[in-house]
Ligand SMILES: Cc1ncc(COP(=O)(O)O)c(C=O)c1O
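Only one chain comes next, encoded as structure tokens, the form predicted on its own.
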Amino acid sequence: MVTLNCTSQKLKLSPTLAANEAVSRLREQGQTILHMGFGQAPFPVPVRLKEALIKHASNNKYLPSIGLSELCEAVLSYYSDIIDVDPSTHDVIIAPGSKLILYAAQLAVKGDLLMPVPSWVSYEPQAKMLGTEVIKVSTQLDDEGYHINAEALRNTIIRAREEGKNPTKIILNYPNNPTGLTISEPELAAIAQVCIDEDIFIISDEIYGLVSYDGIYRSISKYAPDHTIVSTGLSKHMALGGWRVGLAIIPKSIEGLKDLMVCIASETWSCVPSPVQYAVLEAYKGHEDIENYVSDCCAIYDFVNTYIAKGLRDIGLTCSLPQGAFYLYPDFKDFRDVLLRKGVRTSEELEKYLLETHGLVTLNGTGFGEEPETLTLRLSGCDYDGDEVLNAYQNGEPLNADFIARHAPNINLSLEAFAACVDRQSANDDEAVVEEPASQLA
């Protein structure tokens, strides 16, 4: 009899990928589904990159596991100005998506993981696959950002060590998935100082760094250059998720880290496909059309997700105004009584209710590290035809409510579904009233 690893038995399909696959199945069956469950950039591949991929399609040889040398150099040059790192003191590794960079970085550094909550769905499962502890770090969310109190972080580290755990690394993501919020420069500096003092390795997940609505790229690496690896890629700001291009910017000062990660690459993904690496060189050459594309897409993300946030707030939900990426993280806590009368006690039940009652796909907060009774959902504001929306915007149509109605009607339909979900009258009319002691709802 084959015995599986106990860690593998506890794993599930990634919630984001599971949601997207479910939507595809249901839509193929002819069902009308509103999709706020998967954070896939909806915009078309830039023409310049498409042409470059065609041009290099005949490149069929293996490339070095670290990546195409010209691409590594171009990446370092591009990001040296953006994140203020000295290219002579850093190396670059190219990987098939940033997810594998994050996994390889966790694998390379011994010890337990500090994980702010809420955090992206894959951080904790990756740590469990490696047999390491996950130590949750509390955060606060508001219109000013995603807050991690530096002294609270220090106390969490100290307490974990007193409990016999070995916190050695932390993953930070900003702008953040699932909240759409970012970490301010002063807070990054304060967090960096704690990590330096306590010798904590920082995995800085900056995949949404170029989808910051204020146009400012923030990176903790400039405050802790000898403790930070930057993970990013092209899936979000360049809408190239399916091309699977991720990259790591690694300080030479962490002796042996680059070599170890290259070894991990050589024994796992070998190398990123050759035609793709040659093609994406164009993304790092500063072409005006590419930079304008990124700017235009970011402006649309900003408008659409702010529009959704304001719509949710008008309904009465708690929802911070987004600062980047394409996510929102509403809290339904003020409607706990309404949802209870609909048979909804947890975020998982809320997700299921919205799908079964309104055909609306969302992701529950439990997948992002929250406790089950925390009534939060992660929403992705990308349910529209990206080609149509980008073309309309680039042809001068103003971003306003009429724009949403014409080009992104599913956004309004989703807001209507949320309004119906928390409608007190519909709850009062619901025949399936569920009684529950208040003490069990705290």
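Position 1 is the first residue in the sequence shown; the rest follow in order. Bear in mind that the values here come from a model prediction, so they are computed numbers and not experimental data.
From this point on, the text means the form predicted in complex with the named molecule, which you will not see here.
> Of the listed stretches (267-275, 151-159, 188-196, 120-128), which one has a non-hydrogen atom within 4.5 Å of the named molecule in the predicted bound form?
So the stretch in question is 120-128.
> Pro330, Gly367, Gly97, Gly145: which sits within 4.5 Å of the named molecule in the predicted bound form by any heavy atom?
If I apply the 4.5 Å criterion carefully, the residue I get is Gly97.
> Just to be sure I understand the contacts: of Thr362, Asn173, Ser347, Thr179, which is the one whose heavy atoms reach within 4.5 angstroms of the named molecule in the predicted bound form?
In short, Asn173.
> Mark Arg244 yes when one of its heavy atoms lies within 4.5 Å of a heavy atom of the named molecule in the predicted bound form, and no otherwise.
It does: once the named molecule is placed as it appears in the predicted bound form, Arg244 has a heavy atom within 4.5 Å of it.
> Would Ala309 sit within 4.5 Å of the named molecule in the predicted bound form, counting heavy atoms only?
Outside the cut-off, so no.
> May I ask you to state whether Thr228 is within 4.5 Å of the named molecule in the predicted bound form, using heavy atom distances?
Although the named molecule is absent here, Thr228 would stay clear of it in the predicted bound form, with no heavy atoms inside 4.5 Å.
> Going by a heavy atom distance of 4.5 Å, is Ile207 a contact of the named molecule in the predicted bound form?
Within the cut-off, so yes.
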